[in-house]
Ligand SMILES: Cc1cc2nc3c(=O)[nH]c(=O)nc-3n(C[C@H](O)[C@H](O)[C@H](O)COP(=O)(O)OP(=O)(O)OC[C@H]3O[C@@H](n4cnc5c(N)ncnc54)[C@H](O)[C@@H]3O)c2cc1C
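To begin, one chain is listed below as structure tokens, in the form predicted alone.
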């Protein structure tokens, strides 16, 4: 590669140094950070938004047994089986061992159902035949039309807590750091190496130069764009958009899978007090344009209701879409038939010796992906320490505990502090949780957004979807001095806008009434819809900006 520097000429405000810069705050990026730290290597992890902002945080939360892939992707099935066993042992507080059911209903291909146990056996996956009556005893909402059922070792995982604990552990081991809101805009080159990355703070516009010895691209669906910034055009991905729904209630105790080739609405995953239904698959050209549609929501519900009729009448809180980064296959067919493997690019063929890309895969295989990337990086640094993520339990960190469903009311009750006001009544999140998150959670900042706080807690996850607690938490942060001016109202508006993105396709029945109330509060009372109009500011904004207080 020709000696060069980035064409970005605007000077960076500050410069920091690290051994390894990891771009992408999904589970793979967080996993690489911890893997390197266990080898004594310091790293800096950046993301243009926040942890698990892409596919890592936008999925069912399913820790695959591997059974879903036995019919068409045996390698991924075996990888999932092995990683499932490891994560259950090493990250227990992030995993709920729900078990799973695969059920076929009248009209499904009987040959597929009959071949399923043999496919599982070849992949080494435990599979137990149960009668339809036994399946309905385990899950009463199952259809009366079931003709076959099998139990497997599926589980559920909290990706947010998992990522937070990985980042916290890396920080405690080597002082490695995480920087959210850091948008990578350029690299500096020197012959066959990258020397630094230029990042822009997406909130303030401030520039930062990060110098590193090794650079890792763990950008998920955006990995191709990141590689191109480094001058590497060889990372090609397919973008498969999946749309999922979150129900008001937990409808099953097991993960329930349709026993057929993968299709829309064929998995229901319990998670805490809710369930997640999905997913569709649609090829798109731009991963930034993944939004749910009413047609996709209706399709998921109609298909899901065939195996669980209750899904036709249940209340849904929100829908969301994320993008699966798929490795290109030899044909241009249905993305559901694409393998779910991953690829590690060392980019030496592009003339770089200190840049690599890890992409593809899925949440269940993140640890394996991180290990392979960390092996390459460590070898390039001359570090001969073997990876230990397959034997070292993930330690707990109090600042990461607030994402666990039911944890907040339990901790609040045990503390017995009557002055610890509950700010989110749906999920019983007290002000002490907000204090701890703002003070020391991974990615904590001087002025955390409401969205960042919600990612690190259960705030905004209940039936009102933050309509009330968003106001209460923002008010509390003003009282505590974390918010001091107009930006606090902007954080509130942005939080409600993000909530609305997921609610607008499920505004029906009780959720429609909820939205009417939210609009009255946010627009009629607070005037957040007019917040950008500088010449017609609402009285509350004017008082905050002038520092006026009541006598």
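Nothing here was measured: the structure is a model prediction, and the numbers come from that model. Residue numbers count along the first chain shown, from 1.
Not pictured, yet referred to below: the form predicted in complex with this ligand.
Participant: Given that this ligand is not shown alongside this chain, does residue 324 nevertheless sit within 4.5 Å of it in the predicted complex, heavy atom to heavy atom?
Facilitator: Result yes; residue 324 sits at the interface with this ligand in the predicted complex.
Participant: Looking in the predicted complex, any heavy atom of residue 28 within 4.5 Å of this ligand?
Facilitator: Although this ligand is absent here, residue 28 would touch it in the predicted complex, with heavy atoms inside 4.5 Å.
Participant: Using the partner position in the predicted complex, report whether residue 226 sits within 4.5 Å of this ligand, counting heavy atoms only.
Facilitator: Yes - in the predicted complex, heavy atoms of residue 226 and this ligand come within 4.5 Å of each other.
Participant: Taking this ligand as it sits in the predicted complex, is residue 442 near enough to touch it, meaning that at least one heavy atom pair lies within 4.5 angstroms?
Facilitator: Contact check for residue 442: no, nothing within 4.5 Å of this ligand in the predicted complex.
Participant: Using a 4.5 Å heavy atom cut-off, which residue among 506, 489, 41, 46 comes into contact with this ligand in the predicted complex?
Facilitator: Going through each option in turn, the one that passes is 46.
Participant: Quick check on this chain: which one of 423, 218, 433, 268 has a heavy atom within 4.5 Å of this ligand in the predicted complex?
Facilitator: Result of the distance check: 218.
Participant: For the chain shown here without its partner, which stretch in 33-41, 479-487, 494-502, 51-59 has non-hydrogen atoms within 4.5 angstroms of this ligand in the predicted complex?
Facilitator: Result of the contact check: 51-59.
Participant: Quick one: 90, 304 and 357 and this ligand in the predicted complex, is every residue within 4.5 Å by at least one heavy atom?
Facilitator: No, because 90, 304 and 357 lack any heavy atom that approaches this ligand to within 4.5 Å in the predicted complex.
Participant: Taking heavy atoms and a 4.5 Å limit, what residues of 359-376 are near this ligand in the predicted complex?
Facilitator: Heavy-atom contacts to this ligand in the predicted complex: 360, 361, 362, 363, 364.
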